[in-house]
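The data below hold one chain only, encoded as structure tokens and taken in the form predicted on its own.
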Amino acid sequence: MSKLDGARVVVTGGAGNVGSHIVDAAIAAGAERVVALDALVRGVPENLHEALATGRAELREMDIRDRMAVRSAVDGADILFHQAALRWTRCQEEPRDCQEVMVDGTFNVLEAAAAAKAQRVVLASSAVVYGEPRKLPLDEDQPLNGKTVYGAAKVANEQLARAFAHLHGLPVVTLRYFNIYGPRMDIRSDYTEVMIKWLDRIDRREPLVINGDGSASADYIYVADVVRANLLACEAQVTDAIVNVCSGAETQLRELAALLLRLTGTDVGIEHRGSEPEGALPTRRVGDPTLATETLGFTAETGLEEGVRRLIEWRKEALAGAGSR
């Protein structure tokens, strides 16, 4: 029997891309009650429409910096998925906000989970902690060489989770996400990801802009695979683990741009401008999924072409729905 069957579940960042999908998956797995906590900075209530309609999910607008509110919301929880975070660009612009939300807020969440004697905490980290790689593919034993405020906060999150695991016997699995994409990505704010920015340009019949020659690469992981990794982490027989959640496939920016043009059937082309800003992103990134397979039984299932096709279809429907309101 799944640990989620009949469980009381809390998901921080529960109205966001990954968080809202976890809410859906927890309900499908038989959770008795799922509480989504979200400050609604990046998350949107519409992502939870289907979950709320079941009567087994609840959305609470909450800032995880509020220690007592977090303690109250987590009280009685069996499983906690901690997904709440600021976007990395916001962290660079407002480092104090990053510290308060992602470090102090995460402490509040872990403290509340320990007080509730939760059976499992699954914590979202990021491949940003690796920074510029010493070797590829990136495995979990690589030195942490990140230089961003966001990356520093994620390292702090990992170490806090490890400390709580040993101090309170809190079973924690930390997942280092690589580049997540798929339905429910942010398509409305000023801080959208590159795929969304390019699809916006395609709609405007403008060329896709790449800084540099387009050889910079990333490891793209479809959101449904990320959610499945979270559910597998609930069942894993480990009490303190950090694993990559990645596809293990390296994709250059120019390859991604060409794929978007082909799948949308457009000929706006690609425009190269200057060079990639130094230190903005690693020049290459691809993860090693071996430990996730061994520890969680996880392997990514959705290929990039199929995943991007699903993203394009979802975005078209989402924009049409927004326009009709």
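All of these numbers come straight from a predicted model, not from anything done at the bench. So that there is no doubt, residue numbering starts at 1 and follows the sequence shown.
A second form of this protein, the form predicted together with a small molecule, is not displayed here; the remarks below concern that form.
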property: Proximity to the small molecule in the predicted complex (heavy atom, within 4.5 Å), stretch among 62 to 70, 49 to 57, 262 to 270, 287 to 295; result: 62 to 70
property: Touches the small molecule in the predicted complex: L80 (any heavy atom, 4.5 Å); result: no
property: Touches the small molecule in the predicted complex: V18 (any heavy atom, 4.5 Å); result: yes
property: Any non-hydrogen atom of S247 within 4.5 angstroms of the small molecule in the predicted complex; result: no
property: Any non-hydrogen atom of A29 within 4.5 angstroms of the small molecule in the predicted complex; result: no
property: Listed residue that, although the small molecule is not shown, lies within 4.5 Å of it in the predicted complex (heavy atoms), from F178, W198, Y222, F164; result: F178
property: Heavy atom within 4.5 Å of the small molecule in the predicted complex - the one residue of A113, V172, A85, A153 that qualifies; result: A85
